[in-house]
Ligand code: C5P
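The chain below stands alone and is given as structure tokens, in the form predicted alone.
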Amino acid sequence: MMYLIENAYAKINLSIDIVSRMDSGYHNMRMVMQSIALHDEITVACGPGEGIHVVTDLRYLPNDERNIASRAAAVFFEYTGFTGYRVDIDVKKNIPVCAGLGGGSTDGAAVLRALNTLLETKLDRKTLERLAEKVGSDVAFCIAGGTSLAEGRGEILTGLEPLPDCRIVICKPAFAISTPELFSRINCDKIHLRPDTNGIIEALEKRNLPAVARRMYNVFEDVLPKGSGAVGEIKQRLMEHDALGAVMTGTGSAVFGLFSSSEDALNAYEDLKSTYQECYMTEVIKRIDLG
């Protein structure tokens, strides 16, 4: 049985805006997304047989077609028409679950990349991204990652200048936030505060990290349910340690801050770690080279 170990990199949202509601019921998004070094480790083994089998190191995660890694493999084989293969997927989680960091999406993208390599199908990035759209909204971005403007449901991607190197401190409070509930709270006509997405793109072009950080915003923060006060507290504590900017990522509940100083980042990490169990210090990564 041949196998491959693939890193599945997390993402953060430097901005999230909701432009409109589509006739399909989905929302038309406009987001700046960034890959970070925090990652899950995905081992994909492929050999003669049949079936897609997933195991994870977290008991509460599903191991059937509800798992994005399993769905990604199914989409790959449906597209390629390959038969007679058994696929075993082992997921080692480092990215916190239900945090807005794309943990499931990036696992699915890693499976697509791994199968493309193992079976030598030589599918290009665009083709892999089209397959990823069938798996989930953020999976297309996670195929190559880097820094991108994501529009539509997140599948319309425009590559941007990379976020300048910096330290990133992430903290997830001990609760999850329901994504469907947050979307149900959004009224596109009543969004008064929006991120300066165009300003972020311009700041990236100028490699001006402080200007990027000042413009970060997430419209979901305005519709958080009761009991989500820790999101604001974490942002405040990051800023007290001289973060250039801090914002909730995705639909939460994780919050991150950008730091130009490694010392300030470490101080923020140690402070938050004294209160919250799930804290991480990481950095920016560039787009994945798919060959």
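Only a predicted model underlies this, so the values are computations on that prediction, with no experimental measurement involved. Numbers follow the displayed sequence, beginning with 1.
Form predicted together with the ligand: not shown, discussed below.
Enquirer: Within a 4.5 Å heavy atom cut-off, is residue 180 in contact with the ligand in the model of the complex?
Expert: Judged by the heavy-atom cut-off of 4.5 Å, residue 180 is in contact with the ligand in the model of the complex.
Enquirer: Is residue 153 one of the residues lying within 4.5 Å of the ligand in the model of the complex, judged by heavy atom distances?
Expert: Contact with the ligand, yes.
Enquirer: Would residue 53 count as a contact of the ligand in the model of the complex, using a 4.5 angstroms cut-off between non-hydrogen atoms?
Expert: The answer is no: residue 53 has no heavy atom within 4.5 Å of the ligand.
Enquirer: Wondering, does residue 137 line up within 4.5 Å of the ligand in the model of the complex on heavy atoms?
Expert: Although the ligand is absent here, residue 137 would touch it in the model of the complex, with heavy atoms inside 4.5 Å.
Enquirer: Which single stretch, out of 58 to 66, 261 to 269, 41 to 49, 26 to 34, brings residue heavy atoms within 4.5 Å of the ligand in the model of the complex?
Expert: Among the candidates, contact is made by 26 to 34.
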